[in-house]
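Encoded as C-alpha cells, the following chain is the form predicted on its own, with no partner shown.
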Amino acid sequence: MATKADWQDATGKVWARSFDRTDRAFAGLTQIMLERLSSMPGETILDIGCGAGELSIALATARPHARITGIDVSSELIETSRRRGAACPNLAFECADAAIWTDPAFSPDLLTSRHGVMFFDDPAAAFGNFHAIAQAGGRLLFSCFRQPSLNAWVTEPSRLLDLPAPDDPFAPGPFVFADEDRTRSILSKAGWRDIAFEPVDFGFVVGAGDDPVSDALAFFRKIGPPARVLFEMDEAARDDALGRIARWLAGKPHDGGVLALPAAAWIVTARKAG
C-alpha cells in the first residue's frame, strides 16, 4: 500500500500523469460529495490530500466568493492542480503535509477530502490538527473506502495476483478507516462532534472506449495495489498476470463502452463545537 513517502515520490508522479484516469474512476463519488457539500456553508475551505485538484476546482467554481486551498504532499500533484485550476482566482494549492499544516491567515470553516486522509502516519494527530485549525462551528466532510470485500476493483485483482493481505489492517492505506467504530473513536478523541457515517456505493470506472478491457488493463498497470507488483514482474509473468485480469474483466458488463467495478465508501461528517 502507498505510504506518505510513496506519494511524495513515485505514486504521486504516476497519479499526476494519470489524473484523467483517476478523475474518471472517482467521478461517481465526486458527484455524491459535491451534492452533500452543496448543503454545507463554507467560505474558507480546505481540501485535504487534494490530489490533482478536481474537488478543489469544482468547489472554487461553484463558490466564486469563497477561498479554497488544496493541500497535498506530492509536488507533482500540486503542479498539476495549479495548472488545472489556473482560471480560478479564489483557489490556491500548497505542497505540504496536511497533518501538521497551519496558516494563521487561513482558518477553514469547511474541511473536506476525497479519499485524501487515509495515509497519515498518526491519524489521531492529523485530525487533531484539523480540529485545531478549524473555525468554531467548522464542518468536516471526507470520503474513505469501506471494507475491502465491498471494493472488487482492488480485491479481485489482488486475489488474481495472489497478493498477501496487509500485516496491519490499520496501517496507512486505502482501508485504514473502513471500520466505523475505530474511525469514530479517532475523530471523537480529536475533538470532533456530531460524527456521522453515510454508506455510499458507486461504480469505480477502470476502462472505457472501444476496448474498455484493454483500457482497464492499462489502468491497473498504473493505479492500485497490483500496479507495483506488475511493474516488478518479468515480462512473461506480467503477461500471464494481465491475462488473468483480462479474462476476469471480460466477464464484466461494459455498458456503453464503460467498465465500472463495484466500490463502496463512507462519507463521514463531523463538526467542531462552537
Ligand SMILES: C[S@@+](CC[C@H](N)C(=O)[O-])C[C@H]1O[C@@H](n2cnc3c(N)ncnc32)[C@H](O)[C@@H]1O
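Sequential numbering from 1, following the sequence displayed. It should be emphasised that the depicted structure is a prediction, and the values quoted were computed from it without experimental measurement.
This protein has a second form, the form predicted together with the named molecule, left out of what is shown; the following refers to that one.
Each of I71, G116 and F119 places at least one heavy atom within 4.5 Å of the named molecule in the predicted complex. When contacts are judged by a 4.5 Å heavy atom cut-off, A134 does not count as touching the named molecule in the predicted complex. Among residues of the shown chain, C50 is one whose heavy atoms approach the named molecule to within 4.5 Å in the predicted complex. Within 4.5 Å of any heavy atom of the named molecule in the predicted complex lies no heavy atom of W266. The closest non-hydrogen atom of E180 lies beyond 4.5 Å of the named molecule in the predicted complex. Residues with any non-hydrogen atom within 4.5 angstroms of the named molecule in the predicted complex fall in just one of 185 to 193, 92 to 100, 149 to 157, 162 to 170: 92 to 100.
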